[in-house]
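Here we start with a single chain on its own, the form predicted on its own, put down as structure tokens.
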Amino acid sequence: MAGLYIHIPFCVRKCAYCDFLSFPQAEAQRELYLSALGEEIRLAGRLFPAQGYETVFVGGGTPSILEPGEVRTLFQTLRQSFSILPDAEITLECNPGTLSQEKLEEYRASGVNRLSLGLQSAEEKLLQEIGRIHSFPQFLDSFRMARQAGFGNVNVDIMYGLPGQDKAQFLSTIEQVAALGPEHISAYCLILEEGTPLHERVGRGETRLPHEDAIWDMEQEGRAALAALGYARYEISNYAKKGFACRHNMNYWENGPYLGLGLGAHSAMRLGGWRRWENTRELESYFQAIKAGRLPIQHQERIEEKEEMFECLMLGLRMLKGVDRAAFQARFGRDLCAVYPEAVEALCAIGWAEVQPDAFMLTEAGLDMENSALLYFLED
């Protein structure tokens, strides 16, 4: 499997907790960026080996901030430059408050077949606290419009551990979202990132986050509620109805090849060895590189086999199905359990992992302690 990622850095307003590469748009700046992005797509299409891409993910920022016609042009350029398979999963991230029926119909006509809607919470006060631009009724309108436009694969992002949030509010959000019947729900714990407005408010004592015990309760009871409502957990923070796990993200967790295009985008591919690179995060540098006819790569490195094996393990253990032993053997010519015998034995002994004939996986207890579990492999 190979995936394409396209980064749209613009948003209406940056959320208080967000440290992603995004910023409010200016119309002229947006038009210049989309023109440069089109040139990067065409250049990359000529430079990289021909292969079929099974997933496309347009993220940001807020891709749904683009004006009518701009997504259509973007996908025309992508299809002219790359081989996107007929059954590819094609996702576009959207924020309530930026969608219209016209835009949604354009997405469908462009081949988008999966939407990811950023709700975060059904509680109005919590949405305001974290700086979201939308209300819960606007989210409901967006979801309804998506269904009317024919989208049968919709993800909804929700969060727990928000300032002032309690368990009842989180469980209520789960119930209200699940009642709509989305095919996929991502439930993320808030991470307080340095340099964000929320981090500064918490540091000054103006905002308080829930106690870690309360966050743990939200996670555990939220997980049980999602399971009871028909959403199977398949990765640490992701839940889906049968057949609707996100293929694009599964490729990341299986450490598969992907090409990232746009400001700050990351890529990983096998080009005379496993290589990883990232684009510049500076808009002016991005424009200059494209104008000079070169890819806007800021940093690149060749990953040695030992690090590549650890990355396969680290990413794969995020999934409930764990690391595929046959795939690991085919990639490296060695069985995972033979590469890390002491770590595997120790984790199984304390009940954090299991070895199956076809996979090595963390137990539920191990998933809750994934970072600690990974330390065993660094010592092996």
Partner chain sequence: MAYDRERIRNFCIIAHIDHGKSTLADRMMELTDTVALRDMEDQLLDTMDIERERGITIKATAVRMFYTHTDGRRYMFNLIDTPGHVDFTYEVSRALAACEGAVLVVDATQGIEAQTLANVYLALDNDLEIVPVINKIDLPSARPEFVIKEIEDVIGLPAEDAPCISAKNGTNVEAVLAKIVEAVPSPRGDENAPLQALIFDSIYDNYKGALSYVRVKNGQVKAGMRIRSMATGKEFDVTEVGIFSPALKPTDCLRAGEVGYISASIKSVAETKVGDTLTDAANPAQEALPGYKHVQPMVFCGIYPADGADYENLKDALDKLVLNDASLSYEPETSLALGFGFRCGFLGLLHMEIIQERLEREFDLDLVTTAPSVIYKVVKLDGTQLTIDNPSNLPPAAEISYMEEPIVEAHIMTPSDYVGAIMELCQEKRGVFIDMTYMEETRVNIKYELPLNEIIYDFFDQLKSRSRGYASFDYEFKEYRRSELVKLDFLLNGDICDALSTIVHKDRAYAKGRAVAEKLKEVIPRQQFEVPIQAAIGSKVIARETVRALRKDVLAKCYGGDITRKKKLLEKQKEGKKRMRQIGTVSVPSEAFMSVLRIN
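Numbering follows the first chain given and starts at 1. It should be emphasised that the depicted structure is a prediction, and the values quoted were computed from it without experimental measurement.
There is also a form predicted together with its partner chain; it is not shown, and the following applies to it.
Student: Within 4.5 Å of its partner chain in the model of the complex, counting heavy atoms only, one of 170 to 178, 108 to 116, 76 to 84, 191 to 199 shows up; tell me which.
Tutor: Of the options, only 191 to 199 has residues within 4.5 Å of the partner.
Student: Taking its partner chain as it sits in the model of the complex, is residue 146 in contact with it (heavy atom to heavy atom, 4.5 Å or less)?
Tutor: Outside the cut-off, so no.
Student: Look up in the model of the complex whether residue 367 has a non-hydrogen atom within 4.5 angstroms of its partner chain, and give yes or no.
Tutor: Judged by the heavy-atom cut-off of 4.5 Å, residue 367 is in contact with its partner chain in the model of the complex.
Student: Hey, in the model of the complex, is residue 269 touching its partner chain, heavy atoms inside 4.5 Å?
Tutor: Outside the cut-off, so no.
Student: For residue 209, is any heavy atom within 4.5 Å of its partner chain in the model of the complex, or not?
Tutor: No, residue 209 stays farther than 4.5 Å from its partner chain in the model of the complex.
Student: Its partner chain is absent from this chain, but in the model of the complex, do 311, 314 and 372 each have a non-hydrogen atom within 4.5 Å of it?
Tutor: The answer is yes: all three residues contact the partner (heavy atom, 4.5 Å cut-off).
Student: Which residue, 280, 142, 249, 165, has a heavy atom that falls within 4.5 Å of its partner chain in the model of the complex?
Tutor: When its partner chain is considered in the model of the complex, the option within 4.5 Å is 249.
Student: Relative to its partner chain in the model of the complex, which residues of 210 to 235 have a heavy atom no more than 4.5 Å away?
Tutor: Heavy-atom contacts within 4.5 Å come from 211, 212, 213, 215, 216, 219.
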